[in-house]
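Okay, so we've got the same protein chain twice, two forms, each given alone as structure tokens, structure 1 and structure 2.
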Structure 1
Amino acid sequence: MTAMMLDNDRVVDFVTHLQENKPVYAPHAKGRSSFVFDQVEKPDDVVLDYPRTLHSIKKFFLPPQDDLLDFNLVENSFTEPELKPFDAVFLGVHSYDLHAVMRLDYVYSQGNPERNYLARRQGAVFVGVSFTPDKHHFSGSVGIGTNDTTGFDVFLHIVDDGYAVEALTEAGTDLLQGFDMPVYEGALPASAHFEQHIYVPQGKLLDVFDHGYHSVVWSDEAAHCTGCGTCNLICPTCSCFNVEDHVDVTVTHGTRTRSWDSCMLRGFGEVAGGEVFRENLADRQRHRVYRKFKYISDETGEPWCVGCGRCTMNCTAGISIVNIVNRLVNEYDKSRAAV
């Protein structure tokens, strides 16, 4: 499709146009160096040139706390909450974060489809924007370039003096109707260079992880890990949760609530009687990384890590998932060479 040119000085007008169609959620500055997705009230608060947000857009479809049902113990009855689709425009989404949403779509649509998540997903329109990788990004290593338009309705490619705007779906074309832009005359830019790399393709990683279960890497990393769970809680593809029933003081009514959980926390693997299935931090660290590159990948053929770099950037112990994987690769290569 023909790309259109959006000059920098018309970005605020563009955001205003989107607001006339649907509610808009976009990155906003938070403090000196952080960014968050939030609903747009003032178009000039939108930030399109940013490294990453603290949390991904997952939080809108899978909130940190989610009421699943209200129940009445006397009447032995329950009601499910009314769910409203996120009929909104998500502006300024990076490619890796939309790939993360698509992975969550898979998780929550398999087996028994998950009502709350799938209901909220309806109606969302995604307007992507390319980005300049920093030292923590490595999405290129998992097949997601800075200009990857997969899943988007509209995509903004960073070019000189503005953005080359592509409408990729019918919904995207409808969204741009009524906002005049000249045709972009140049070639669309290629994906930017990444500083961080996993040096083997996913096909080889499946073999690497087949042989890495008993690696010393896990105990080495566990020696630094504090088990705080930050890596899970800011990951855009983590989908594990805990469910609790909260009963009022009359022991009559209650609410069943789902909350984000972390496999890096000791209590995650604890069952009745006090048994903990992953007592050691090394076992938990291994489980976390295998969930990203092995367990689900065996079924889907693609990594469940999207290379956003959030876990490494926010790790209180400075642990890098890229370094972990590359160490496993080196161990695997040495073992193959010794055969």
Structure 2
Amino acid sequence: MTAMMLDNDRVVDFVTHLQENKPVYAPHAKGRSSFVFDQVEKPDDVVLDYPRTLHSIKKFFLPPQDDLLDFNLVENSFTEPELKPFDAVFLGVHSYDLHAVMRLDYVYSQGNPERNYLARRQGAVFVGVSFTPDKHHFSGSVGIGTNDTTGFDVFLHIVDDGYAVEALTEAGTDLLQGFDMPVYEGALPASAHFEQHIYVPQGKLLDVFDHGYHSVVWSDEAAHCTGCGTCNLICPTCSCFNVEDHVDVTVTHGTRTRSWDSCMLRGFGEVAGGEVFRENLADRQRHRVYRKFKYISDETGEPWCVGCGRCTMNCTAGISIVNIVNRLVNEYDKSRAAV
């Protein structure tokens, strides 16, 4: 497929073109140094060269607060809120964040397929953009390059003076229809270099985690952990939730709402008798990391961590998931050498 050239000075026109048929969601600058994915109102607010957004695009398909049903306490009855597809163009998505969405697609399609998520996931069109890794990105270590186009309809490769635009699906070709661009003459750039690495070949990661369950790493790392749960809340593949009923002030109506939850919080593993099955932070830290590299990975063969760096960057105690994994790799290598 021939790539087309989108010059920097035509990006605003490009965004305007995308807005013709569907609402467009894209990264915007927020505060001093943050970026958020939001609906585009003014095309020149869109930022395509950004390190990462605070939250991934998960929030659109699995909202932080999601009403499962509306109930009527007077009649003891309920209705289901309408489930609408999130029919929009997502512009400027990084490869690791779409990989995260594809992992959520798996979670909500396998076993008991969930209509709430699947209905919302219909209709979205993804326009990716490559990125320049900062000191926290390590998606390259989990097989996701900066120019990985898997799952995208259109992909924008950062090149001199603009972007090389690739249409990858029929929906992508349709999206570019009517926006003329010259052919891009150069070769598409390779994946950019990552500063941050997990030092293990992908296939060997599962072995490392087979070995690391009783490692001292967990209690070492937990010594700094405050159990705040931030790492879960900003993770693009975390999908655990809580469900609670909220009654309105008239005490006649209410909603049953699910909200993002965190396995790092003590109450998460509590049972009816008050016992907590992952009582200390080392147990919870291990559970979180095993959910990213072991449990579901045994089933699917791929890490559930996409290397975005959010949990490390936002950790209030400075705990690095890369450091945890590399310490386990180290221990594993040492134990192998000793044999």
Partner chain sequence: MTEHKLMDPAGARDLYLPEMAEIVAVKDLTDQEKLYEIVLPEGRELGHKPGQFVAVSMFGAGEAPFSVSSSPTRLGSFELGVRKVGMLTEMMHRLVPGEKVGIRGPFGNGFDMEALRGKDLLIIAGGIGLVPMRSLINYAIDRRDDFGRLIICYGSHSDAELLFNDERKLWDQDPRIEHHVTVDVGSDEWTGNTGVITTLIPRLELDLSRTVACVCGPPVMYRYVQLALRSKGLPEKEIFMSLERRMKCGVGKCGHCQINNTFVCTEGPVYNGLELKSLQEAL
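Think of the rigid core as the biggest set of C-alphas that the two forms share within 1.5 Å after superposition. Just so we're on the same page, residue numbers count up from 1 along structure 1's sequence. In this text the structure is predicted, and so the values were computed from the model without any measurement.
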Between the pair I just shared, point out the form predicted in complex with its partner chain. 2
After superposing the rigid core, is the C-alpha displacement of residue 254 2 Å or more between structures 1 and 2? yes
